[in-house]
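Here's a solo chain for you in structure tokens, the form predicted on its own.
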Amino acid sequence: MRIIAAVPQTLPRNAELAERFELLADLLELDGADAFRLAAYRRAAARIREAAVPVAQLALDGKATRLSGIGGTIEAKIVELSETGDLQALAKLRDKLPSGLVEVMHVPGLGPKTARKLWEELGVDSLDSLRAAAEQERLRALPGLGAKTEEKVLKALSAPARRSADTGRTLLGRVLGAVRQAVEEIEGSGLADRVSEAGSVRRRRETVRDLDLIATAADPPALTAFLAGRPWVAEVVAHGPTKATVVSHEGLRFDLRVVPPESYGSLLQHFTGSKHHNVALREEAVRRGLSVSEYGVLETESGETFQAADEDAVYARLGYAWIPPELRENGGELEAARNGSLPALVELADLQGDLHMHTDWSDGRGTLEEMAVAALERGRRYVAICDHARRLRDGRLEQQTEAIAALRERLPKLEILGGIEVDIRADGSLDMPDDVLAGRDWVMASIHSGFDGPRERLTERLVSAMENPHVDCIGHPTGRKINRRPPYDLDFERVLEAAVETGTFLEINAQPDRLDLMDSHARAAAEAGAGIVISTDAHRVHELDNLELGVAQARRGWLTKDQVVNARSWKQVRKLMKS
């Protein structure tokens, strides 16, 4: 299969541009390009996806370089794509490499070098030919590959059922900024009295589809027209006096509904609650002679309809305390709201420190000082620098320790901890000796390879790491990458038992594509008595803002401030640690 370019009739959307640059990076990686060049294209692709304005038009106007991560070379390529529908660089690579090789390189356990070798020596140029080669036991003929590789490849190619049920949905972290911008613009228009996000975004679900907005206005048609005319709108799908549906240049679909003030609370409740939450709410109301809809609460005997301008009035009319949006999943929240046992959920402001971040001493992009200063600016009182152990050999760990000590003197208001992230090997051992770990302030242990191992082995790898007296926390414990890689096949109950028994904390990793622990696991862990750490795993300065996503995940897991370890001072955290 070869990629065929087409000259665009209109300017390419941001999502299309980003896909082209991602493809260019993948093909260059297969061709052996240097890591800095690949990182530049992938960074540009990410920035283009996040942009709230048409980047193609910016490039044609000579203004795309105003966006971080986009320099003159990238801007020139955007112009080339916009004007011709193709890139010369891509055309050369298409002539040189089969496009199906990109899919091959993304099969778990392979990668670009192995994919290239498979193509050159076995003629593997697609997933179908890869499957055939594995079934015919031809992979094992290549040096470095074997029967186990064939087994893993066939397992990966036949595992669509293990994909996330949310495949095809958009990460919350990608859309949240766009939703907030839309709300802010509507608020600033002077045309709306009240406006709120709704739907799965308001529940802070880890992936979302449509982006719901609810508003009240004295002149509803003027407000829907305002939304339809925003410069970031690429397509107006529907536009009426009280509703508007638009699609942004990033491919995000926004649905705005404008209602009378007296209906605002009922509609907001209706469009925020999950289907299961709303069904359970309505079924209970029917038993009490009430009928709940987006228009209000109807008393069936008298025929009177109760309308509410605020959500709390809706819940109060039905006999409940107001329920935080993150809990509206029919997970016991209605009973708790009726009997007064809803938890006081953790807030972002409760967190005092971030115990997992990286710098350019390993695979991060920010310097030690840049990351520390940015954390301080965000109100953090302490941070743990957890660069990867494998990048800190040959005296580099000692050098970093000295650099941290020097930075502490320059930033006395921030406790900078000399942490480390160690790999958990296949046998459960760690990739840094115990005598070195004993000298670190904070030790994260994580699995970074061998994700598809047997359930028992993966479970024991984590348990073995937790039994190490120097390991303070397990990073991204189930290893999932949302929409890309399912969680490890773990005996999670055994993992929880070991966490409690050994006093090892478990992480909610706030990276948008991880959010690991997932909400149900976080709830189970907290109920079992395991300490939960919410951290960013930030590799760049802007990723420090992801702490909010981790807090949202904790709230969906019913966590309180007391159940979150780093909602305490560092002095208090130390008292909870093993040592």
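Treat the numbers as computed from the prediction; the structure is a model and nothing was measured. We call the rigid core whatever largest set of C-alpha positions still superposes within 1.5 Å between the two forms. A residue's number is simply how far along the shown sequence it sits, counting from 1.
One more form of this protein, predicted together with the DNA, exists but is not displayed; see below.
The partner is absent here, but in the predicted complex a heavy atom of Ser293, alone among Ser293, Ser129, Thr502, Ser429, sits within 4.5 Å of the DNA. In summary, among the residues Asp435, Glu283, Glu304, Glu377, the only one with a non-hydrogen atom within 4.5 Å of the DNA in the predicted complex is Glu283. Contact with the DNA in the predicted complex, judged as any non-hydrogen atom within 4.5 angstroms, is confined among 137-145, 455-463, 421-429, 309-317 to 137-145.
Highlighted residues Lys92, Arg94 and Glu493: none comes within 4.5 Å of the DNA in the predicted complex, counting any heavy atom. Taking the partner from elsewhere, Lys77 is found to have a heavy atom lying within 4.5 Å of the DNA in the predicted complex. Taking non-hydrogen atoms only, Pro108 approaches the DNA to within 4.5 angstroms in the predicted complex. None of the heavy atoms of Ser449 is located within 4.5 Å of the DNA in the predicted complex. For Ser196, no non-hydrogen atom is located within 4.5 Å of the DNA in the predicted complex, even though that partner is not displayed.
Taking a 4.5 Å heavy atom cutoff to the DNA in the predicted complex, the contacting residues in 265-279 are His270, Lys275, Val279. Once you line up the core between the shown form and the other one, the Cα of Thr114 ends up 2 Å or more from where it was. Here Ala64 counts as shifted, since its C-alpha moves by at least 2 Å between the shown form and the other one after the core is aligned. Once both forms are overlaid on the rigid core, the distance between the two CA positions of Val286 between the shown form and the other one is under 2 angstroms.
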